[in-house]
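In structure tokens, one chain follows: the form predicted alone.
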């Protein structure tokens, strides 16, 4: 017969064992729940946009590599909210994955501000050396304590101005309201060039251009056709002030809940989709420019870049003295 002390010890031992069992069961359930569930991915582009097609490639690859165990459902056209709203939903645990871009990401993780420095990249090869190199990987991981991490980048081309008149020099921006993404660096850039920066959701831009709420915008050439912006702003001035990548992001909670094997599969699928996107982006950009010229009468104007570069030089000088991005900018410049 157990005495009172032995009985208490046995009770505590049983209690500890049950607690351990609950913890193990919870962890197992959590990990398998993420693997079996369908991950929701939100973005603000059309289904025909190259970044959507590349993310669909990624989703198909993840499903194939996991024998159907990993499913990613993509919601385009801001169905689940604007780009910014989707980011906030992911941070709050209501969304699993989001496609954003380094310009808007600056407000959520300062490290992405390095990509927003105008004329940082000398050419496409320099751009990819940064994205695929150590500095690119460091930036993707910089936001883990903010509720998300980056999986990969997608080429989003060089951004230039488009309006109803040519923008040959910064002086041509004087008095013009130019739509920008909600990025402090983008706002500063337009101010230095003499324009009036107007942050606006991408989905609202067509109507804003049509109704004169803004006079112009800045983006890559695919915006002319995939979003039909060439119908309401048909002169595209190729100043190519920034090369800002799109970024595929996943919730830290979701990522940590995946098994190491599933993490490896998703990362492998994301990396493969970036390589797939390289060729797709070049092909679809060329096709978009041709379509814009032939069906929308869009004029592509070549401009002298040096006046634009001179106007925005203070941003680079500030970046080198900004502890949040200085080392990233220096690493990128060292890859020229």
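Numbering follows the first chain given and starts at 1. Remember, it's a predicted structure, so these values are computed and weren't measured experimentally.
The discussion below concerns the form predicted together with alpha-D-glucopyranuronic acid, not included here.
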{"property": "Answer range among 268-276, 44-52, 292-300, 61-69 for contact with alpha-D-glucopyranuronic acid, defined in the predicted bound form as heavy atoms within 4.5 Å", "result": "44-52"}
{"property": "Check all three, 161, 241 and 285, heavy atom within 4.5 Å of alpha-D-glucopyranuronic acid in the predicted bound form", "result": "no"}
{"property": "Residue 119, heavy atom within 4.5 angstroms of alpha-D-glucopyranuronic acid in the predicted bound form", "result": "no"}
{"property": "Any non-hydrogen atom of residue 83 within 4.5 angstroms of alpha-D-glucopyranuronic acid in the predicted bound form", "result": "yes"}
{"property": "alpha-D-glucopyranuronic acid contact at residue 183 in the predicted bound form, heavy atom, 4.5 Å", "result": "no"}
{"property": "Residue 246: touches alpha-D-glucopyranuronic acid in the predicted bound form, heavy atom cutoff 4.5 angstroms", "result": "yes"}
{"property": "Contact residue in the predicted bound form, from 176, 87, 156, 140 (heavy atom within 4.5 Å of alpha-D-glucopyranuronic acid)", "result": "156"}
{"property": "Proximity to alpha-D-glucopyranuronic acid in the predicted bound form, single hit among 237, 152, 225, 101 (heavy atom within 4.5 Å)", "result": "101"}
{"property": "Those residues of 219-253 which, in the predicted bound form, come within 4.5 Å of alpha-D-glucopyranuronic acid by heavy atom", "result": "219, 220, 246"}
